[in-house]
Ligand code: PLP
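In structure tokens, the next block holds one chain alone, the form predicted alone.
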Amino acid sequence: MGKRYLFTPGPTPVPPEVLAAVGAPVIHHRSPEFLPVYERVLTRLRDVCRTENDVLLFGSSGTGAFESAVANLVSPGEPHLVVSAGSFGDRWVAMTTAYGADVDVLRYAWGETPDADDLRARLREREAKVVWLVHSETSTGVVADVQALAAAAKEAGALVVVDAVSSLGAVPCETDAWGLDVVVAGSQKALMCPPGLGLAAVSEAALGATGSSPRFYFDWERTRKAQQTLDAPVTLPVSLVTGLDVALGLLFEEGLEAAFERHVRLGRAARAGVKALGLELFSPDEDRSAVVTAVRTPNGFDATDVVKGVRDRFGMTIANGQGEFKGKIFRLGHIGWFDVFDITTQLAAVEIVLADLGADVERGVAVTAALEAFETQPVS
């Protein structure tokens, strides 16, 4: 087997130090060896979420963290509002509906950016207990202005829940300063770990507004009480927690602000390279789009062939479009353990595959454009 490259919006590449920690001998989840690791991880998660409140840790995917929010905050028949502009906004719709909420959807076309004034107007028409938001919509590459959206929701007296699965650690997400009541995320994106850990930063207001839906594994109060004494209510995936401890150490060694700047530069590099190829961006051409770059497939070509060609010829996994955009766009991930040469590697492979498929692309300029964009433009 040749060398493999993982360039999707998630899961993302994992640093060798983290893999080494995950692969170390398993220890008991209530042993003296594990408890300081557990405590350090819970403390660091508060720091990365920018919150003074508890961050609840679950053995689950990011979707499990999603469901913890729904199971704890939704009672059947209650009014809830979801802002949806892509696949993961639609996931909030599906989950809140499954739990019996009376769900209103402020819906945008995929690729559009939600607007705070639209949300403000909708909330004047119809109240909502909770407004459900997506920070980074990886199906489209759009990163929403969650700070403005949350302010609009708060004006109407609603709680705010944010999907930050792909944004946490990559772009600023100020839980307390922006008035976010719940921020959910997973281990497999900018936190540079394998999939398997979900987390939810939960405000006191959210804890005081829990609903009547049945829950057990994802019960916030049960988990919170156990974490306060470092006595997890269930057996945690201890190897993943140990890996997360190392990954968070690497993130804070770099510095959160430095990580945010690196992601801005990586996004700039990806977009500059795509445009140099003569391709059209699907995701916005703005610094906030620092998580994934979505690219329109040239007319007459199928993104499925691009994804397959890049994988089969070069061992690189990039992402197809989702839903109705499958085949119409492809997505280049740049969150987590990435540097600019990961971007140029993706671009070079895409250039070769598209050219061989017969697409009219500009040869030999994408890598230079990406490197220049990464290096030369200051980050404000």
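Values in this document were obtained by computation on a predicted structure and should not be read as measured data. Start at 1 and count along the sequence shown; that's the residue number.
Keep in mind that the form predicted in complex with pyridoxal-5'-phosphate (PLP) is missing from the display, and what follows is about it.
Task: Proximity to pyridoxal-5'-phosphate (PLP) in the model of the complex, single hit among 165, 149, 200, 173 (heavy atom within 4.5 Å) - done: Of 165, 149, 200, 173, the residue with a heavy atom within 4.5 Å of pyridoxal-5'-phosphate (PLP) in the model of the complex is 165.
Open item on the list: Only one of these stretches, 47 to 55, 341 to 349, 24 to 32, 61 to 69, has heavy atoms within 4.5 Å of pyridoxal-5'-phosphate (PLP) in the model of the complex; which one is it?
Closed with: Within 4.5 Å of the partner lies stretch 61 to 69.
Open item on the list: Please tell me whether the candidate spot formed by 88, 136 and 189 is one where all three residues come within 4.5 Å of pyridoxal-5'-phosphate (PLP) in the model of the complex (heavy atoms).
Closed with: Yes, each of 88, 136 and 189 comes within 4.5 Å of pyridoxal-5'-phosphate (PLP) in the model of the complex.
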